[in-house]
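One chain comes next, on its own, written as C-alpha cells: the form predicted alone.
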Amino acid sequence: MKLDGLTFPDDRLYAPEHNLWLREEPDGEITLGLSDYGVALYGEIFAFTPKRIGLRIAAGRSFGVVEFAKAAAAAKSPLAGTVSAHNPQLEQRPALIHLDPYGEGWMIRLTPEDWPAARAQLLHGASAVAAFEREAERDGFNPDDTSVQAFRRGE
C-alpha cells in the first residue's frame, strides 16, 4: 500500500505512533524496523545504538537511539519483550535504515512477552495507512517539501 509515495508492505504490521513496522518470524521472534514514513520524517540516519541483547523492554520504552540529520530520538517499542538480536550491519552502515527500511535496514528482534495481546494493538493494510496519514497531518508532514523529495531521490 502507498501513501504520498511512501510504501507500506502488506506483509508487515505497523505501530504508526512509533513510526515502526513489525514482522513475526517463523520462530516467534518479532523483527522491528523504521517505516517508510519514519524514514521520510527523519531523513538520513547517521547512527543507531540499540539496547543490549538480553535486556527486557517494556511497551512504550526505548529499544535504542536513532541519530539523524536534525537530532536524535529514542526508538520506542510498541510491545514488551526481550532484545534477542540487533542488526549487526547497522554498526558499520546505519544508513541501511533509510536506504532499505523493509529489508537490510531492520533494527532489532524481540522475544515478545504477550504477542497475541500486542498483535491485537498493531495495524496492517488500509487501517495502517490511514493511521500514518493521521500521523502525517498531526506532524505537519509535507510530501511536496523539496527536502523530502531530494531525500527520496538520494540526493
Partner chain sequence: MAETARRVLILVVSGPSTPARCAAPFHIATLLACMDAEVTLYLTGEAAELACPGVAEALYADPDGAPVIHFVRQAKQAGAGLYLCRKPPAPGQAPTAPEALIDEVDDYGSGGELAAMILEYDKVLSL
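The structure displayed is predicted, hence computed values, not measured ones. Numbering follows the first chain given and starts at 1.
Here the subject shifts to the form predicted together with the partner chain, a form of this protein not shown in this document.
Partner contact for residue 104 in the predicted bound form: the partner chain, 4.5 angstroms, heavy atom
No, residue 104 stays farther than 4.5 Å from the partner chain in the predicted bound form.
Would residue 38 count as touching the partner chain in the predicted bound form under a 4.5 Å heavy atom rule?
Judged by the heavy-atom cut-off of 4.5 Å, residue 38 is well away from the partner chain in the predicted bound form.
Report whether the minimum heavy atom distance between residue 119 and the partner chain in the predicted bound form is within 4.5 Å.
No.
Would you please decide whether residue 64 lies within 4.5 angstroms of the partner chain in the predicted bound form, comparing each non-hydrogen atom pair?
Contact with the partner chain, yes.
Any idea which of 48-56, 104-112, 123-131, 90-98 reaches within 4.5 Å of the partner chain in the predicted bound form, heavy atoms considered?
Every other range fails; the passing one is 48-56.
Using a 4.5 Å cut-off on heavy atoms, what residues in 71-105 are near the partner chain in the predicted bound form?
Heavy-atom contacts within 4.5 Å come from 71, 72, 73, 74.
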